[in-house]
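Shown next as structure tokens: one chain only, the form predicted alone.
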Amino acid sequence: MKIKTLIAGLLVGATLGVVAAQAADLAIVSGDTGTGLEFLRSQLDTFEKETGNKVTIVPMPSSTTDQFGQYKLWLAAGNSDIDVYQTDVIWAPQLADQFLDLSDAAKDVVKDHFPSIIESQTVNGKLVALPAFTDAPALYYRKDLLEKYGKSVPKTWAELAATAKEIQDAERAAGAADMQGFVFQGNSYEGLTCDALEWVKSFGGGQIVEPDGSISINNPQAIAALEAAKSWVGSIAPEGVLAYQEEESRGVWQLGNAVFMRNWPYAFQLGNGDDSAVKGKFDVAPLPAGEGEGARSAATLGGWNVAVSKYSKNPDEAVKLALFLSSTAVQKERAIKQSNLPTIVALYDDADIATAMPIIPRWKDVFLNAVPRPSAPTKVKYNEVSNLFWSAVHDTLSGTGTAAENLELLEAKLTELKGEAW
């Protein structure tokens, strides 16, 4: 009996030793605060119980610009203290050489995500990050005003311009002097890249730089798209829209002073707050399509992903953590508790999510039309590409050169920037 007990004890000890040897200390960086940080910690607690690993959160500045700058410094130095990075949709492709290829680890689940999101995180066939949650803008419209004037939700930009002008002028004539037809993000920054990419893509004008790396922006459809947008400024949109970012647009909209708005999902719940003049008076739809061959609705892809550092001391366990944070179970709980939009298509038909967050199913059609910014093909040069693009667009909107002139110059600058290869 004593011998059997001794053997059993040795076996248990050996088993515990194996578990202990497999357990790893991991670190993940996060700029989350408040409930977002609490949610992440709760998920990491679950992961720790399931795997025996320990995960520490390394806090980051709330500024995404500062976060990205720190990421680049750490990775350039080969820092092995950080295992998993939370990345904006445009960051991982710029840091692709510093992250592990997750293609094989995620081969059984990539099909569950929106294809455009996987495309946005794939560089030269290498999946550099797994989607955690996503974001894409929609067209916000005043359903009460459309009903008042007998108008339907516009399917094309031309329809939007005509409807916006008619309602704007009628409302002003009736005493609403501050009414605008359409507000969007026209300032010279990354947000304008998102807006203008949608205009260009919706007219069949491509993605600035295509997935194969070719520069496509200087084409008749792109020119037509920017000229259409230029015609809105001072007509259905205020001159001040050239300085608007997301919050300026939302401010005008939420005061009840716009018929249409282009904005991200966060504005939906805020617009239905008790302090909102448009509470219960609006809805959302996919952004309009352009004109001509190849026209379609297009919404620029946003969102956050998880990437694994190639310098991690525990790469296998770090990959498990990335898979866990991008899993269906975590995305469902995140949607219900944090109202973050899933990257997994099936969750848009999930009854629990629809009950808890009715806004989420409305975004399914938006994501099916999502278009990624060209960060994957341009890699470390994306920020310069985007800066050149939004500058050319802003010049066009403000009347400094025509769309044709500015896109021809942009093509030349991008060609010089590309050189032999991106």
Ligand code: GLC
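Since the structure is predicted, the reported quantities are computational estimates derived from the model, not experimental observations. Throughout, rigid core stands for the largest set of C-alpha atoms superposing within 1.5 Å between the two forms. Residue numbers here begin at 1 and follow the sequence given.
Below: the form predicted in complex with this ligand, not depicted.
- Using a 4.5 Å cutoff between non-hydrogen atoms, Thr64 counts as a contact of this ligand in the predicted bound form.
- Within this chain, Phe282 is remote from the site of this ligand in the predicted bound form, having no heavy atom within 4.5 Å.
- The closest heavy atom approach of Gly256 to this ligand in the predicted bound form falls outside 4.5 Å.
- Contact check for Tyr189: a heavy atom falls within 4.5 Å of this ligand in the predicted bound form.
- In summary, the region of this chain contacting this ligand in the predicted bound form, judged by heavy atoms within 4.5 Å and restricted to 324-332, 87-95, 146-154, 343-351, corresponds to 87-95.
- Put simply, of Ile167, Leu139, Ala237, Cys194 only one has a heavy atom within 4.5 Å of this ligand in the predicted bound form, and it is Cys194.
- Site annotation in the predicted bound form: the residue of Asp135, Asp83, Glu171, Glu317 reaching within 4.5 Å of this ligand with a heavy atom is Asp135.
- Contacts between 237-269 and this ligand, taken as any heavy atom within 4.5 Å in the predicted bound form, involve Glu246, Trp264.
- After superposing the rigid core, the Cα of Thr64 is displaced by 2 Å or more between this form and the one not shown.
- Superposed on the core, the two forms barely differ at Asn263: its CA moves less than 2 Å between this form and the one not shown.
- Whereas the shown form places them at one spacing, the Cα atoms of Ala289 and Gln121 lie at least 3 Å farther apart in the predicted bound form.
- The pair Ser202 and Gln121 is looser in the predicted bound form: their Cα-Cα distance rises by no less than 3 Å compared with this form.
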